[in-house]
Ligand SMILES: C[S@@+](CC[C@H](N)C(=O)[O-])C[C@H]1O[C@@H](n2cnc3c(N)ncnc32)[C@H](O)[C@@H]1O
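Read the single chain below, which is given as structure tokens and is the form predicted on its own.
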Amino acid sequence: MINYIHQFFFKVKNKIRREKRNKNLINIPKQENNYIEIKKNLVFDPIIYTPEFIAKEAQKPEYNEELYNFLDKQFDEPYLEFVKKYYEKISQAHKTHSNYIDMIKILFVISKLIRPKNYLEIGVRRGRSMSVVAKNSPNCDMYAFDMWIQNYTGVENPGPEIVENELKKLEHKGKIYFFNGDSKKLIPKFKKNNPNIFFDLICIDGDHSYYGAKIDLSNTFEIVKIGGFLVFDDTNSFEHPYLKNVWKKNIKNRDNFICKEFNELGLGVSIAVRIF
């Protein structure tokens, strides 16, 4: 009897999941460089670059030196001095592989592999993360959401102008759209006004309160393309230890995302790829 109930439960559950998968495969765009388009008889989800693949790629030591040089030339921020010195040191110490993985490195590796055509970011500040994506995909259209809070974390935060200037340094050719205000309110409006826009890559680095981070993740995971990536920063932050659970409850437990967390060193970062 128990076995029959168990079989019946999973038969119903799998039927619902299969219908959801088939519907999504029809209605949601695919990330063209991370999904093999096969119309019929799909045995499994044909993703090319999984989070585990990204993790192994990011361990290549050459990225440390490459990112140190990039940060050194592009940006002048007080707190980045620490990050640049750290990258410089580990580029000398991590000869065969590197276990330091942060948001910048993850965005650099993902954008290099999938060449996103569009990118959404919550928490833009001075455009560092956006510039990383633009370096590898100069034609990418950027969607920037920020409240531009003055002197946020003690660093000048002048607004969209500095972001545009950073992108110009890289000869960015794509469009950039600025959304000034609270992402928790602006993202739902954006989705309502643009129901057909889905993203190759989304990065969440905005409101770090439990509620704020939860809302930002809940508002954005549905507009990731199949084969697209969602990146969530600071999951190892000493000041925000609850962000691990926000990620787990809202993204990792979903059956249509594959996830990977990098919480060994640094402030931590978590990534997910949508499989259906």
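When you see a residue number, it is the position in the sequence shown, counting from 1. Not measured: the values here are computed from a predicted model.
One more form of this protein exists, namely the form predicted in complex with the ligand; it is left out here, but the text below deals with it.
Within 4.5 Å of the ligand in the model of the complex, a heavy atom is found for every one of Glu121, Met147 and Gly206. Residues within 4.5 angstroms of the ligand in the model of the complex, judged by any non-hydrogen atom, belong to 177-185 and to none of the other stretches in 163-171, 177-185, 190-198, 90-98. The ligand is not shown here, and in the model of the complex it never comes within 4.5 Å of any heavy atom of Ser111. Among residues of the shown chain, Ala134 is not one whose heavy atoms approach the ligand to within 4.5 Å in the model of the complex.
Of the heavy atoms in Asn157, some are within 4.5 Å of the ligand in the model of the complex. For the chain shown alone, Arg125 is a contact residue for the ligand in the model of the complex, at least one non-hydrogen atom being within 4.5 angstroms.
Annotation for 47-71: no interface residues with the ligand in the model of the complex [heavy atom within 4.5 Å].
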